[in-house]
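Only one chain is given next, in structure tokens, and it is the form predicted alone.
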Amino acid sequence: MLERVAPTTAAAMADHWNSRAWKFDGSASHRRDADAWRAAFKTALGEAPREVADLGCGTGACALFAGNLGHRVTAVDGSAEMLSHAKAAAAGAGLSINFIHATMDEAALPAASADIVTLRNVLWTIENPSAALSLARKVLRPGGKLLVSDGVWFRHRANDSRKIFGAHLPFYNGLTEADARHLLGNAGFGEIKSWRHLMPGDPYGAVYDDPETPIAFFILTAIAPE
């Protein structure tokens, strides 16, 4: 049996993102820099139609990019408000995406049901990021591709996540590419490849608590074992 991704933080995290969902429509990088992100996804994931599972889909960035490329997408999130924005965006784009309002632990996605799994800006919010990658490996078919993107969002914030969410979040301020590569290797993924070079400049802007430092982010793909 897999370890749970968020055994104690799921409800508090959903409430957190419910209260912030409205901020993402106009300010998020996937909207400001949509063409660059779309091109990066096209190169990293390919265009041949595949089954895609987007875990922690938020307002639908990965789901919409994958759907626009012709992939068949199932997108999961525990925040009803984030999902409402994702559904509206998909409808506006004329995309048919299967949205599931559930945590990763409760979504019950079938094993070996996806050719591609995406996790964008999710691992830093998770109580047990290793479990999220194990879940991704379970959902992927042998040889399937995982896309992970994240970054270091804060530099100086004290990690008081236990007080706020009820448990320690190991990457409360974000994670580096080296962190992600370590997690991927431990989860059994191979052929790790970076696609950061496809994104010009610093699309996320400055670190949230240090206006002089650009947010260091990464885009990685990795392959599930055969």
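In case it trips you up, residue 1 is the first one in the sequence shown, and so on. All values derive from a computational prediction rather than experimental measurement.
This next part talks about the form predicted in complex with a small molecule, which is not shown.
> Pick from L45, V52, A61, L184: which residue has any heavy atom within 4.5 angstroms of the small molecule in the predicted bound form?
None of the others qualify; the residue that does is A61.
> Only one of 108-116, 90-98, 136-144, 70-78 has heavy atoms within 4.5 Å of the small molecule in the predicted bound form; I'd like to know which.
One stretch meets the cut-off, namely 70-78.
> Heavy atoms within 4.5 Å of the small molecule in the predicted bound form: does W124 have any?
Output for W124 is yes: heavy atoms within 4.5 Å of the small molecule.
> Does the small molecule get within 4.5 angstroms of any non-hydrogen atom of A224 in the predicted bound form?
Although the small molecule is absent here, A224 would stay clear of it in the predicted bound form, with no heavy atoms inside 4.5 Å.
> Indicate whether the small molecule has at least one heavy atom within 4.5 Å of a heavy atom of C57 in the predicted bound form.
C57: contacts the small molecule in the predicted bound form.
> May I ask you to state whether M82 is within 4.5 Å of the small molecule in the predicted bound form, using heavy atom distances?
Yes, M82 is a contact residue.
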